[in-house]
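Next up: a single chain in structure tokens, the form predicted alone.
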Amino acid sequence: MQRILTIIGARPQFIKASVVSKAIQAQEGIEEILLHTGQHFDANMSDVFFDQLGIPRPDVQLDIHGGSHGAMTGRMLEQIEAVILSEKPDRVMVYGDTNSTLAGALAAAKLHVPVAHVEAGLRSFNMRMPEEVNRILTDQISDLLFCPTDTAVRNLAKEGFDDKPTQVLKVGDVMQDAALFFAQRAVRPADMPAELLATDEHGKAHAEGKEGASQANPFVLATLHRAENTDDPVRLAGIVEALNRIHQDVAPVLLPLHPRTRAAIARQGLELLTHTIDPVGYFEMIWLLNHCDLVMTDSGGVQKEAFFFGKACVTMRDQTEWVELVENGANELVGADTGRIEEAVRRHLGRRVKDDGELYGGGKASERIVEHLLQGVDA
């Protein structure tokens, strides 16, 4: 029986782990121990995912959050090391590019426990992003590198991984697995603004359908949370101005607003004119992605999710890890320039994009990951 210690701690990792955990449970000869670092500690940002996505409750809960990057990572490293020593896993598996990712990989490597990295090979080529540092270092100390795309495989080849004792494996993107699996369970956010809901001839909003989907009037879905935008007064002001202009002159903008972003906007004395709602769970986010006419975001995950649901995306960043979306025209990088953002939104509003199943694996990434885990490093 192979024992896998899976380490998660941030919102996107819950979603990714849910589909891989289901694939693990469907196989014999492999056992998963789930460790939640506590990096996202708000009940609306962590517990809801275990409830909604059907992930088993963590076997280990560290409750580590807050503080600087160094302090958080250091505390995680110490406590994850103790768990590895007590649980004695055959392999540690980490996801993405968070502090939880790096701490888990580093603790395992120091104890000579093999590491599998899901979403290996992604690069933004911006070393000012803490996520870039985390993902590069994690790749360097992993022996199974599960790449979501051809671009990720090429990135690792350029960094010399072909000559290292590692397995670089293109498996596809587990986020597509999750989107396809959970699409039928999407639900409309409870605080969805009434004016964005389609109404009948009597002015009543359409009721939810049997699959939790109801009609919506055209709107732009926006997310804004990345520190490079929220912590930079000039960038944040430019983005807020663009959101306001689009909301007033192009199409209504709906922004699920994280408390940290709300605080940054208030701190700068900016006025946000868009529709705002509280942060949403994954099923609510799927509903919004499925019903919007365009996505604006600075999130890595939301860029892909827009593509999974056939929506064009305007990305308010200067670089992206998902360069293949830019190359095929599904995504446009616009930085934080107000004019560029507004112009791109006008061009892409309502445009649909097609998925031929080649970019992200067609929803089979989780199965491929588990197959390789069962086969071991010689897969």
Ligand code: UDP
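Keep in mind that what you see is a predicted model, and the values were worked out from it rather than measured. Just count from 1 along the sequence shown to find any residue number.
Not pictured, yet referred to below: the form predicted in complex with uridine-5'-diphosphate.
A heavy atom within 4.5 Å of uridine-5'-diphosphate in the model of the complex is found for one listed residue only; from Pro256, Gly172, Gly238, Pro89, this is Pro256.
The contact with uridine-5'-diphosphate in the model of the complex, taken as any heavy atom within 4.5 Å, belongs to Ser299 out of Thr274, Thr230, Ser299, Asn134.
The closest heavy atom approach of Val370 to uridine-5'-diphosphate in the model of the complex falls outside 4.5 Å.
Shown alone here, Val280 lies within 4.5 Å of uridine-5'-diphosphate in the model of the complex, counting heavy atoms only. In the model of the complex, uridine-5'-diphosphate stays beyond 4.5 Å of every heavy atom belonging to Gly361.
Using a 4.5 Å cutoff between non-hydrogen atoms, Glu305 counts as a contact of uridine-5'-diphosphate in the model of the complex. The stretch from 139-147, 219-227, 70-78, 159-167 that comes within 4.5 Å of uridine-5'-diphosphate in the model of the complex, counting heavy atoms only, is 219-227. For the partner-free chain shown, nothing in 107-129 comes within 4.5 angstroms of uridine-5'-diphosphate in the model of the complex, judged by any non-hydrogen atom.
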